[in-house]
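Next up: just one chain, as structure tokens, the form predicted alone.
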């Protein structure tokens, strides 16, 4: 095991290499540029390939081509680049092409602030392309070390489900320096809980059956496979067809191969102080969860019955955590409230769902404890000028 004082971008790069990534294409964008820089150095050292696209759209298309050629592939960007993935992302979902996409969130909309963290792509990662009729897998780490592990896990899930998987980080995770341990062999990887799924090849010429089955190898073109791949609705042999019944079967597979096998990732969450049925549950993901955990621990010391729930598996949304009637507070790095909308939808009948969000910087522990106290006393919340949104 080697230890480093390094950034999340470094950890993500090393995680991808450990998972078997041997192709990376990207376009420079803060705060993910260092992933491309690190990949340009590391991939040639392990027999891989690095390419810079002329833009993000081209980069993801290059990754699709590499995956169809048999490589495990990855790209990385931030919000302004993630939105440009809409067309190739649809290709990857519809053609069931495994690859990993890292999105390091920053303040938006548009270019916003390049060096400030944001959580504005929560819904965009669920609906990254047009047309609907599909499901997505999105994972969110809250540290550099966990970003490495989640990147490895993303490759594992992408191969088993034949789909792109998004790792949704933020600028504080990718740019921040932390103590990072990197395994040097398979035994150390197993000790760290890393799961690896090797690339296999669908020998064709058949495409995929209209079932929810997983672990069917992805289509690989060439290599004498006889396989077919198109962005149109396919027959079970992989040919284009314009029949609604065929699309019903195709959409069923794209949705239920993920929904019906959620046990493979539903364990990806963290609960603190939840064993005694707390009066208030504070929900978060990514970097804000670290402040939330500190605030909840301090609130407990002050006698407040508060618990913390951190989501790592964001999509498909884990409704199962919100079935009980309770008071919830959702903490996000945005002003508009996105995760909170799903908590409102999933929460048990007569639950109270509150929100606090700030833009570009984390809330303070004192701010959160003050909000906890108000909610528990039944007092109304109100925004603090332009600094903090509350309701």
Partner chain sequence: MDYLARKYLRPRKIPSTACSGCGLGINHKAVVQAIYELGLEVEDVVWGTSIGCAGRQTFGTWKGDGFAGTHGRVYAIARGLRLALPPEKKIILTVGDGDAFGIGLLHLIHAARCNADLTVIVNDNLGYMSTGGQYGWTTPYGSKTDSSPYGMFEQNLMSEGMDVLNILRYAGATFLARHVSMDGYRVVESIKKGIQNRGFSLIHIIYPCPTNFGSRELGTRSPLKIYKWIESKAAPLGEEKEETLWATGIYYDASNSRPEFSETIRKNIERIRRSTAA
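Numbering follows the first chain given and starts at 1. None of these values were measured; they are calculated from a predicted model.
Keep in mind that the form predicted in complex with the partner chain is missing from the display, and what follows is about it.
Worksheet item: Pick from 91, 317, 134, 273: which residue has any heavy atom within 4.5 angstroms of the partner chain in the predicted complex?
Response: Filtering the options by heavy-atom distance leaves 91.
Discussion item. Please identify the residue among 238, 183, 108, 307 with any heavy atom within 4.5 Å of the partner chain in the predicted complex.
Written reply: If I apply the 4.5 Å criterion carefully, the residue I get is 238.
Worksheet item: Among 296-304, 277-285, 222-230, 187-195, which stretch has residues whose heavy atoms lie within 4.5 Å of the partner chain in the predicted complex?
Response: Single hit among the candidates: 222-230.
Worksheet item: Does the partner chain get within 4.5 angstroms of any non-hydrogen atom of residue 354 in the predicted complex?
Response: No, residue 354 is distant from the partner.
Worksheet item: Is residue 346 one of the residues lying within 4.5 Å of the partner chain in the predicted complex, judged by heavy atom distances?
Response: Output for residue 346 is no: heavy atoms all beyond 4.5 Å of the partner chain.
Practice prompt. Answer with yes or no whether residue 360 is in contact with the partner chain in the predicted complex, where contact means some heavy atom within 4.5 Å.
Written response: Outside the cut-off, so no.
Worksheet item: Just to confirm, residue 54 within 4.5 Å of the partner chain in the predicted complex by heavy atoms?
Response: Residue 54 belongs to the contact set for the partner chain.
Worksheet item: in the predicted complex, which residues of 46-61 put a heavy atom within 4.5 Å of the partner chain?
Response: Contacting residues: 46, 47, 48, 49, 51, 54, 55, 57, 58, 61.
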